[in-house]
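In the block that follows, a single chain appears as structure tokens, in the form predicted on its own.
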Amino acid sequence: MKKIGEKIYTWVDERYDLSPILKFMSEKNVPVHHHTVWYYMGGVTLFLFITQVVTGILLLFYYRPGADSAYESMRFILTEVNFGWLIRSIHSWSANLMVFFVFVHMFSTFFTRSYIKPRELTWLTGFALLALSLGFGFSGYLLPWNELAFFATKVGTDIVGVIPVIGKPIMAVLRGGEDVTGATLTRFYAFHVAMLPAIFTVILFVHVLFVQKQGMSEPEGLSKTKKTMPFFPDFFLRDALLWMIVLNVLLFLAVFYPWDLGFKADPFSPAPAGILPEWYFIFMFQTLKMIPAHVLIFEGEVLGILFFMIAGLAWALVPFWELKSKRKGLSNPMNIVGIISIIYIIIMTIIGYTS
């Protein structure tokens, strides 16, 4: 078996010269310090994206987009296809965990200031991946064509329509008309399985390329005697072990807490009471609910949308405006901004679920 492997390697190496890649992997080192654990968050996010792709492809074998077929095909997957319910639950749970770990990865990068020169573009591509992850969640939510997803999408696209000047055209593009219909479902299907994965894959490749080229960022203030470990096999095996742990968590959640399909969407029925978007949109949704209908001469909802747009742009451009200070820890102005952001998101999410 070993000789067969050597022959295959020799055959490939003669044609593609693998020695530079192997040399890079053997010489690449990862810094070891008390923040090293955060290096694994990007790998976990990558693993969950791969899980999304694999389970999504399996679901595509049976899923049929359309107002008259989407819900029925999902019910067929859950009840008739062998392990269909498991694949669907893994897909749904991994989507939520992926968004969670994208947020963890982003904030860990923020607090360790891994976005400063020369890693500005790494931060920008990471922010783009966060935005696309939210786009995956929003577009995929409607595909089962159930009651909750239908009305949540209607509310979400209504909010998009509030954006001054460009809101109405964007809403029309998203919906494929004035209302949420089968055309909306078809468009969201195209976004979810074609457009967003293609863009995400390209940006992910660039993001990983930047990280590999520049190496792992080291937090400031470390001792001059730096400890490192080889990327391969030490860090790689630790990363693989964490992937296995995450896979077990996914299987546990999918088996013991399978994702519910709910009732089929009926555009002519009233919206259910207490309709809510996915958890990662709750803090924005709750903020818009709490803003008065009118603030001076402005519509409150418009001000809320503009606030989140400006805040999102400012967060994306953090490497170019960061507040430099000699103070460290919790007193650092940038850390204060990050802590306030986390507390705000958590409090608004809790209020959204409990109010």
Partner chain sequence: MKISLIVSMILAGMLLYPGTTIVQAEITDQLVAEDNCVSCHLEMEILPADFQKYDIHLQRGLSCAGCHGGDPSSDDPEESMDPKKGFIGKPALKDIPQFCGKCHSNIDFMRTYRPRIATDQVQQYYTSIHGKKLKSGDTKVAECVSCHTAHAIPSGKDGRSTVYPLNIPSMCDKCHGDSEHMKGYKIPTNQFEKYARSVHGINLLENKDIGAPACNDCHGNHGATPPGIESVSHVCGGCHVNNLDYFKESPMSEPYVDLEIHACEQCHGYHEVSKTSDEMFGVSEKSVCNECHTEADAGYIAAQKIHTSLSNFVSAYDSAEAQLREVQKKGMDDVEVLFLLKEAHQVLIHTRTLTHTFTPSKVEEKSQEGIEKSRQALEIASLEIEDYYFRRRGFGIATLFITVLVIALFFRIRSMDKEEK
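Numbering follows the first chain given and starts at 1. Computed from a prediction, not measured in an experiment: that's the story for all the values here.
This protein has a second form, the form predicted together with its partner chain, left out of what is shown; the following refers to that one.
Trainee: Any chance all of 80, 234 and 238 sit within 4.5 Å of its partner chain in the predicted complex, going by non-hydrogen atoms?
Mentor: Yes, each of 80, 234 and 238 comes within 4.5 Å of its partner chain in the predicted complex.
Trainee: Please identify, from 248-256, 183-191, 204-212, 102-110, the stretch that has a heavy atom within 4.5 Å of its partner chain in the predicted complex.
Mentor: Of the options given, it is 248-256.
Trainee: With a cut-off of 4.5 Å between heavy atoms, is residue 230 one of the residues that contacts its partner chain in the predicted complex?
Mentor: So residue 230 counts as contacting its partner chain.
Trainee: My question is simply whether residue 115 lines the interface with its partner chain in the predicted complex - judged by any non-hydrogen atom within 4.5 Å.
Mentor: Flag for residue 115 set to no.
Trainee: Find out whether any non-hydrogen atom of residue 244 is located within 4.5 angstroms of its partner chain in the predicted complex, and reply yes or no.
Mentor: Yes, contact at 4.5 Å.
Trainee: Does at least one non-hydrogen atom of residue 281 fall within 4.5 angstroms of its partner chain in the predicted complex?
Mentor: Although its partner chain is absent here, residue 281 would stay clear of it in the predicted complex, with no heavy atoms inside 4.5 Å.
Trainee: Exactly one of 85, 285, 151, 136 has a non-hydrogen atom within 4.5 Å of its partner chain in the predicted complex; which residue is it?
Mentor: Contact check passes for 85.
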